[in-house]
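Only one chain is shown below, in structure tokens, and it's the form predicted on its own.
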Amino acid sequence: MKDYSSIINNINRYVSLSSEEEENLVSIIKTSRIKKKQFIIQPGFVCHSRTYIVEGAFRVYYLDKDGKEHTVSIGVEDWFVTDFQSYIDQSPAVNFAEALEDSLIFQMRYDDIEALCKKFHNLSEYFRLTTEKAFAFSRRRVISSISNTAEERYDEYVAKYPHIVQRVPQYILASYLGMSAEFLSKIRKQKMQKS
């Protein structure tokens, strides 16, 4: 029997599932081991699944017209990773989702989730709440990127996710925070000198 406790615990933070709901949910989960640098989403292909990270780390990014990478999100254990626009609309993705470490993931297909949500109110409520939370987070991030300095964005991220900062390459963190790797290096150096 596979261990689904991590995703069940995640869900139980929002709603309480009955044993029938749990059984139906785990029946749609596909488990995969993903190697570092492997992609689970690529532009032009529809993102058919929500991916829950059991172990490991991922980043979602896109390439601009000049081929420059822009990191949209970084996820680690107990987080979901997806191209939300592609997943929700079932339209071709514009982002890449790449494993930053060897990882273990649970994937649930869009059609299977929709069928469960029609059948079980608690699961529908869970996916609604987590989607709203993800949307609210993305709005806060937009406001932060508009109103905060690069140093303030870095400080905010380090304060909230110190465990991620240690695991993610500096150029990816810089891309996520909207600055060059060189500028991030300068900020870190100044902070080390102050402490």
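Since we're looking at a predicted model, the values are computed, not measured. Residue numbers here begin at 1 and follow the sequence given.
Although not depicted, the form predicted in complex with a further copy of the same chain is the subject of the following passage.
> Whether Glu77 contacts a further copy of the same chain in the predicted complex should be assessed with a 4.5 Å heavy atom distance threshold; does it?
No - in the predicted complex, heavy atoms of Glu77 and a further copy of the same chain never come within 4.5 Å of each other.
> Tell me, yes or no, whether Thr82 is in contact with a further copy of the same chain in the predicted complex, where a contact means a heavy atom of each within 4.5 Å.
Judged by the heavy-atom cut-off of 4.5 Å, Thr82 is in contact with a further copy of the same chain in the predicted complex.
> Examine Tyr157 and determine whether its closest non-hydrogen atom to a further copy of the same chain in the predicted complex is within 4.5 angstroms.
Because no heavy atom of Tyr157 falls inside 4.5 Å of a further copy of the same chain in the predicted complex, the answer is no.
> Please tell me whether any heavy atom belonging to Val26 falls inside 4.5 Å of a heavy atom of a further copy of the same chain, as the geometry stands in the predicted complex.
Taking the distances in the predicted complex, the answer for Val26 is no, it never comes within 4.5 Å of a further copy of the same chain.
> Heavy atoms within 4.5 Å of a further copy of the same chain in the predicted complex: which stretch in 51 to 59, 129 to 137, 163 to 171, 29 to 37 meets that?
Single hit among the candidates: 129 to 137.
> Thinking of Cys117, Val142 and Tyr176 as the candidate spot, does a further copy of the same chain come within 4.5 Å of a heavy atom on all of them in the predicted complex?
Every residue of the candidate spot has a heavy atom within 4.5 Å of a further copy of the same chain in the predicted complex.
> Which residues from 66 to 92 come close to a further copy of the same chain in the predicted complex, meaning a heavy atom within 4.5 Å?
Contacting residues: His70, Val72, Ser73, Thr82, Phe84, Gln85, Ile88.
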